[in-house]
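The chain below stands alone and is given as structure tokens, in the form predicted on its own.
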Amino acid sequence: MPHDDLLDLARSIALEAGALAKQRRTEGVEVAASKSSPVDIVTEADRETERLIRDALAAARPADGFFGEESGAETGTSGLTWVVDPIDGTVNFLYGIPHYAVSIAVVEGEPDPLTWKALAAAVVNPASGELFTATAGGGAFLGAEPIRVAPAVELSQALVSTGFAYDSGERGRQGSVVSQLLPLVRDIRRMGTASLDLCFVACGRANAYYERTLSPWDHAAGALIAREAGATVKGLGDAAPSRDFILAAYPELAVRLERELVRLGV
């Protein structure tokens, strides 16, 4: 498998960080600060988990760059950058909902989702113990088992996941789109953890996922895992996934869902 060494490192650090996050969850969680809005929160566990990841990566690969949600970016000299969300689904984590993740990806090129090439990724849900991994060209896995996206279905039979922005105005616009989409699909899921939403597409637990306003660390790992499982992962039109838009689904379904979302004003 290509990039074995990078995957091994991502996997081992994700599991260690996940164990720390799970321990902190059992001890009780408090909001440490808010960021872009009062509902965009960070806990001390987010910060502590990211410090663990950053320190472990610096020790193992000091020439690589780092791009994390809580501590920002640091340029390296190797051409590789680790893109990290220490606790994706922080609100779930705060409320004790067992659906949050540690997400780690390593990318080649500038740390920009419009241009980077993801090489290896690991996403772990500490509450369930599930570990999703992938390497570029090496396939996607849940634990040791290979995973594949669900086969194509009609839009009316598609279970579609999405998420909402922190900005209240944007949430209103997204809610309007969802209300129009809901009668056209099997159902909508909003589970609150983008990296796991992408992994669920990868393993067939959802037929599609779309969202706007994601940050790079939200989708870096999950996008590679979904793509290696056979999903189309894209932005609008010919664009790559980015803050503007991301869609993941079986290729035929992706075409149909994107067409409807554009019509609905996504």
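Keep in mind it's a predicted model, so treat the numbers as computed, not measured. We number the residues from 1 along the sequence you see.
Keep in mind that the form predicted in complex with a small molecule is missing from the display, and what follows is about it.
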item	value
Whether R24, E50 and P126 all lie within 4.5 angstroms of the small molecule in the predicted bound form by heavy atom	no
4.5 angstroms heavy atom contact with the small molecule in the predicted bound form for L214	yes
Contact test in the predicted bound form: P113 vs the small molecule, heavy atoms, 4.5 Å	no
K117 within 4.5 Å of the small molecule in the predicted bound form, heavy atoms	no
Exercise: E69 in contact with the small molecule in the predicted bound form, heavy atom 4.5 Å	yes
Sole residue of V160, V149, V107, I87 within 4.5 Å of the small molecule in the predicted bound form, by heavy atom	I87
Residue stretch of 89-97, 150-158, 73-81, 118-126 approaching the small molecule in the predicted bound form, non-hydrogen atom distance within 4.5 Å	89-97
